[in-house]
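Given next, in structure tokens, is a single chain: the form predicted on its own.
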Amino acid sequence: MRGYTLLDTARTPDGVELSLCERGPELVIRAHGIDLMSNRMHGSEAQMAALARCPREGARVLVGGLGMGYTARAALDLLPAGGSVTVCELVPAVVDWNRVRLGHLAGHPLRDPRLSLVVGDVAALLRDTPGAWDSILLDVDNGPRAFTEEANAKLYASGGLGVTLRALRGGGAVAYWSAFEDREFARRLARAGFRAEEHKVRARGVNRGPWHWVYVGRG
């Protein structure tokens, strides 16, 4: 963590320590000493929102994982008339960081009246809201096999995929962000009943930054 200033720490329900760090204009959230997200690289989050966008008037969008607010901002920017965004964040401190230190990065999405916030487990919310969502954006970890929070594994397992499929309205789509390619996960999406797509996208927008992957399942 050379050169970084530690601003705050928090623990996930699994006991993983998260750290919010700063180096000049760069802000980073880390776990296990690994960068989870940075304000230098967020283009793939915006592309994820676009790939799963539903143009239906009044569309309801669920964002799993607040992070630094970039996915929520992208969902709000693409929202059709009369639509709404619900953000579900597991760690209360991440919400506090967004309200106090990070909100300006993505234009303060938590202040948007079209957005509502749930502090809790997105897997439980999906289970409890069948047929509720037109778009689901899941950016809760580093990918289908790269977990900082072991409880997240259930979202990517066959049972969790079935729950997510049932949570979608007809014609809806779910997008999963991943730092790594995982073709087996694409096949698992298809076996769960989705029309599966794999998209290779840039971390900093068009033709900039390292590659990330977005896996889309259409109901």
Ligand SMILES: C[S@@+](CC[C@H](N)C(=O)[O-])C[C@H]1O[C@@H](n2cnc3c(N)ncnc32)[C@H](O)[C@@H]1O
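Residue numbers run from 1 along the displayed sequence. Only a predicted model underlies this, so the values are computations on that prediction, with no experimental measurement involved.
The next section is about a form of this same protein that is not shown, the form predicted together with the ligand.
Residue-level question: is V91 within 4.5 Å of the ligand in the predicted complex, judged on heavy atoms? The answer is yes: V91 has a heavy atom within 4.5 Å of the ligand.
With the partner left out of view, is L18 within 4.5 angstroms of the ligand in the predicted complex by any non-hydrogen atom? Yes, L18 sits close enough to the ligand in the predicted complex that at least one of its heavy atoms falls within 4.5 Å.
So in the predicted complex, does any heavy atom of Q47 sit within 4.5 Å of the ligand? Q47: no, not in contact with the ligand in the predicted complex.
Report yes if any heavy atom of A175 sits within 4.5 Å of a heavy atom of the ligand in the predicted complex; otherwise report no. A175: no contact with the ligand in the predicted complex.
Heavy atom contact within 4.5 Å of the ligand in the predicted complex, the stretch among 190-198, 49-57, 158-166, 63-71: Correct option: 63-71.
Only one of L79, L115, L126, V140 comes within 4.5 Å of the ligand in the predicted complex by heavy atoms, so just point that one out. Of L79, L115, L126, V140, the residue with a heavy atom within 4.5 Å of the ligand in the predicted complex is V140.
Let me know which residues along 157-185 have a heavy atom within 4.5 Å of the ligand in the predicted complex, or say none if there are none. Stretch hits: zero.
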